[in-house]
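Quick setup: one chain, the form predicted on its own, written in structure tokens, and binding and motion questions come after.
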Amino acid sequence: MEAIGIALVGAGAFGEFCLRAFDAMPEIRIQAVCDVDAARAEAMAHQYHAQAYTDLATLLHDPSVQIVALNTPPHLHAEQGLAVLKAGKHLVCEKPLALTCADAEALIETAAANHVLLTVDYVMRYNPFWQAAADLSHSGVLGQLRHMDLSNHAAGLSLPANHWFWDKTKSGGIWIEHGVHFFDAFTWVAGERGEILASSSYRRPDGATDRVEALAQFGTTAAHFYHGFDQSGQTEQTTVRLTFEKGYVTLREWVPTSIEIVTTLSAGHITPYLHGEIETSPYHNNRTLIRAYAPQGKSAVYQQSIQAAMLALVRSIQTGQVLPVSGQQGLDSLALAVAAENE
């Protein structure tokens, strides 16, 4: 089928990474790059033989653009997203979908009214190791899922004090700007909608909230979330641990490149659900350690996840295939984030 035209709005560092991923896809064609920084928009557009814009409203009159990837700061998502959808363009919105549930609902309703598609860039849904964790959970091979735990020690020290991330009016705060990723992932793995039971936050001397923590439940599964934006790029570390009746699953890194399973079951019960290179070794108490990993590394896995998300949207446009991530998933995870923020 003919390639679909796409425009990127917000050509920052992550936008540039997305453009490289999009450029490698024959299913789409980069038609436009939009950024308030005219020089940056021109440079990125020139690199991909696209049209540069500094104004979204002007871009939306471009008939060659069918999909808009919105990579701007969170406080702009609702207004800009509504403009995209009202213009009859399909929307890929960077997380969060909006800062409020009312705005997220308006985006969903506007997409439906204009017969266009809306998806959120929840790349974990397309990561092969998160996929393995979800498949193991849904299959029941490890028995019932009992507990999920996130320890996210992020490189907040790399963000200057005046960065929009620290301004809740622009980011929504840690839960809304960042936590939605993991609320959605845990909902997916558990197969149940979540509920926040309690939350707390910690402020640094300048008043910015740099650490948050919450207890939640997803059906009968207990869950714990911790985000600390108080580490450097050298000390950051993210770990997810899933406890099942018959084993333990561990995902490491913000973009996992491996999955580890410790279980009393034989490897043959587990390996059909895994992706990448697979290693097995004996573990104490007559258990087995099974590890699957991607030898190509983090950047390649991240790029492939972005491409898989975009391909899912293209297939949905072309064939009506159901989107793995719709606006509803964006709203559901945002509702949990808002609850954690307000608990």
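In this text, residue numbers run from 1 along the sequence as written. Because the structure is a prediction, the values reported are computed rather than measured.
The same protein also exists as the form predicted in complex with a small molecule; that form is not shown, yet it is the one meant from here on.
- This chain is displayed alone, yet in the model of the complex one of Thr263, Thr257, Asn152, Gln80 has a heavy atom within 4.5 Å of the small molecule; that residue is Gln80.
- A single residue from the set Thr72, Asn127, Thr221, Ser137 has any heavy atom within 4.5 angstroms of the small molecule in the model of the complex; that residue is Thr72.
- Contact annotation for the candidate site: Val9, Asp37 and Lys95 all lie close to the small molecule in the model of the complex (heavy atom within 4.5 Å).
- For the chain shown alone, Leu197 is not a contact residue for the small molecule in the model of the complex, no non-hydrogen atom being within 4.5 angstroms.
- Although the partner is absent here, Trp164 sits close enough that one of its heavy atoms falls within 4.5 Å of the small molecule in the model of the complex.
- Using a 4.5 angstroms limit between non-hydrogen atoms, Leu117 is distant from the small molecule in the model of the complex.
- Under a 4.5 angstroms non-hydrogen atom cutoff, the small molecule in the model of the complex lacks Ala24 among its neighbouring residues.
- Only one listed stretch (98-106, 173-181, 83-91, 205-213) carries heavy atoms within 4.5 Å of the small molecule in the model of the complex, and that stretch is 173-181.
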